[in-house]
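One chain follows as structure tokens, the form predicted alone.
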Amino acid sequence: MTVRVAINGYGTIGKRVADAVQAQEDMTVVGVTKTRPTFEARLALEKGFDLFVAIRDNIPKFEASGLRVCGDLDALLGKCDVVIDCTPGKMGAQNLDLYKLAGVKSIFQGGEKHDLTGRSFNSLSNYGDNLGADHVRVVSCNTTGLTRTLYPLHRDIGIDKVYATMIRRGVDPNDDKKGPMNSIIPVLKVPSHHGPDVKTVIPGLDIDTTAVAVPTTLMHLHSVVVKLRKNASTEEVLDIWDRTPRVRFVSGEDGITSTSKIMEMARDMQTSRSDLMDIAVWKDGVHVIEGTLYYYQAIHQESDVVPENIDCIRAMFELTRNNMESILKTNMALMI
């Protein structure tokens, strides 16, 4: 079976998901949408993607710009089996009704709330819970990062309590309209939304989170404190993560002392768009002291959820019922 995939919203996440889908042998992109005739719309056509207009009334604007379009969103929904919704957050409720009316499955991003679908997804922790599902939400970049490192500890050692602080980038690199400038902005609500979000994919985990936004664009940084249920050494924790897919060790001793150095490493690795879909954990920053684990990790917010979307498609269509089989296929296709 080849799953026909539509991308509604060919932006920061959507264009990456489109490339990732096209790299798989069991799914294909049947079209992408844009609301305006931007450079991304032109690049989508250059890549061979069929271009559709999210807002029907904007079709003349695309035609006036010399961009060939195949129709509106309704037309695209008639060609696909599943739509990956990468539109701005809080549009999900409106879009979900459209997808249900069209009779297609849908995947939403972490900008939407869990209640939208009642299902949230992470490849490691709850792949099996979403087998055959019709409408699913892939959790956010920060929640994905926390889950990738916390779930294997929760599974293999046990966790009594997690305290985590998100040091969040202000905006994505291409966003020149907003963000803290010469300022650090605390999230005054405690817990921040990240902790409750983790619980949607790791039920029962006791986690509290705080967050601040800082004037950087490259990555998020997490400072995590974990009270372990059983005695474990630093080496045992490192061994668990070493066997966990999509977790990559970096080291200050190797000169990786900052998020900018991590992104330079990704550039040198010549990954697509210099993305880093793994979660970067500072190996020499991992310490277990009297049953409490301390560590730092970095999250490339533009790309870490991309492979999760691919695995989510496989779960929803039951292309494989085994999460590790899907993760391996995705990683090989994307060279993770």
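In case it trips you up, residue 1 is the first one in the sequence shown, and so on. No experiment lies behind these values; they were computed from the predicted model shown.
This protein has a second form, the form predicted in complex with ligand NAD, left out of what is shown; the following refers to that one.
**Q** If you check in the predicted complex, do Ile13, Cys141 and Arg169 all have a non-hydrogen atom within 4.5 Å of ligand NAD?
**A** Per the other structure, all of Ile13, Cys141 and Arg169 touch ligand NAD.
**Q** For the interface check, one of 272 to 280, 288 to 296, 32 to 40, 64 to 72 should have non-hydrogen atoms within 4.5 Å of ligand NAD in the predicted complex; which one?
**A** Heavy-atom contact with the partner occurs in 32 to 40.
**Q** Test of understanding: in the predicted complex, would Ile59 fall inside 4.5 Å of ligand NAD by heavy atoms?
**A** Close contact is absent here: in the predicted complex, Ile59 is far from ligand NAD, nothing within 4.5 Å, heavy atoms only.
**Q** Spell out, yes or no, whether the shortest heavy atom distance between Asn8 and ligand NAD in the predicted complex is within 4.5 Å.
**A** Within the cut-off, so yes.
**Q** Taking 4.5 angstroms as the cut-off for heavy atoms, does Val250 touch ligand NAD in the predicted complex?
**A** No - in the predicted complex, heavy atoms of Val250 and ligand NAD never come within 4.5 Å of each other.
**Q** Test of understanding: in the predicted complex, would Thr87 fall inside 4.5 Å of ligand NAD by heavy atoms?
**A** Close contact exists here: in the predicted complex, Thr87 approaches ligand NAD to within 4.5 Å, heavy atoms only.
**Q** Out of Thr149, Gln109, Ser125, Ser192, which one falls within 4.5 Å of ligand NAD in the predicted complex, going by heavy atoms?
**A** After the contact test, the surviving option is Gln109.
**Q** Between Met91, Ile256, Leu228, Ala102, only one gets a heavy atom within 4.5 angstroms of ligand NAD in the predicted complex; which residue is that?
**A** Here the answer is residue option Met91.
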